[in-house]
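Presented as structure tokens, the chain that follows is alone, the form predicted on its own.
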């Protein structure tokens, strides 16, 4: 999604978000992410206004004081930026890939099922299984922070059982152009 994102050419405009829309965004994020209202208050205080940055391909980035906090594609779910996810690692459920998949992940490739089911990979246990189309934080074996954010293409149980094909579609990763965008 952010492979060839150039802020100088891909950002079409910035507008302040009305307070009524901000309330609906807050409610949507609180229902999607694993975060309580007090923690979310520290991420985005109620009295602070966010800015909507409209980009190419129907991508919306929401920024607070110029710092991108989260983004959305069309009217889909809200995703935190990797910088926000590093500050609050519990926002999204976590999956982990083995060491062999790291270089492909950092190149922007989608993650294949064997990367999660091999020795260094990890998927949630059956009682915490994730459904298909669930946003996830992707960690790498031996690393502390998430190195990408993606959407599961299969449920985690199907990833374990099928064990081939794309398991998680990568949306943003370390080193892409959204990561490089520190201020809007």
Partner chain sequence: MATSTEQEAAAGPQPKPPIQVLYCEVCTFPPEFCEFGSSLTKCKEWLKEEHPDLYDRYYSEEALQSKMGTMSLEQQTKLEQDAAKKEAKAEAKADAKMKKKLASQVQIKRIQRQKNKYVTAIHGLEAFDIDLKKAAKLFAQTFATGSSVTKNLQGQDEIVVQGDVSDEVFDMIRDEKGVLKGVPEANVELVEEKKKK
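These numbers were taken from a predicted model, which means no experiment stands behind them. Positions refer to the first chain, counted from 1.
The same protein has a further form, the form predicted together with its partner chain, not shown here; the description that follows concerns it.
Asker: Give a yes/no on whether residue 109 approaches its partner chain to within 4.5 Å in the predicted complex, heavy atoms considered.
Answerer: So residue 109 does not count as contacting its partner chain.
Asker: Consider residue 143 of the chain shown here, and say whether it contacts its partner chain in the predicted complex, taking contact as heavy atoms within 4.5 Å.
Answerer: Residue 143: yes, in contact with its partner chain in the predicted complex.
Asker: Tell me, yes or no, whether residue 73 is in contact with its partner chain in the predicted complex, where a contact means a heavy atom of each within 4.5 Å.
Answerer: Close contact is absent here: in the predicted complex, residue 73 is far from its partner chain, nothing within 4.5 Å, heavy atoms only.
Asker: Hey, in the predicted complex, is residue 38 touching its partner chain, heavy atoms inside 4.5 Å?
Answerer: Yes.
Asker: Quick check for you: of 112-120, 155-163, 54-62, 125-133, which stretch puts a non-hydrogen atom within 4.5 Å of its partner chain in the predicted complex?
Answerer: Among the candidates, contact is made by 112-120.
Asker: Only one of 50, 147, 69, 151 comes within 4.5 Å of its partner chain in the predicted complex by heavy atoms, so just point that one out.
Answerer: Spelling it out, the residue with a heavy atom inside the cut-off is 147.
Asker: Go through 99-125 residue by residue and record those having a heavy atom within 4.5 Å of its partner chain in the predicted complex; state none if no residue qualifies.
Answerer: Stretch hits, in order: 99, 100, 102, 103, 106, 119, 120.
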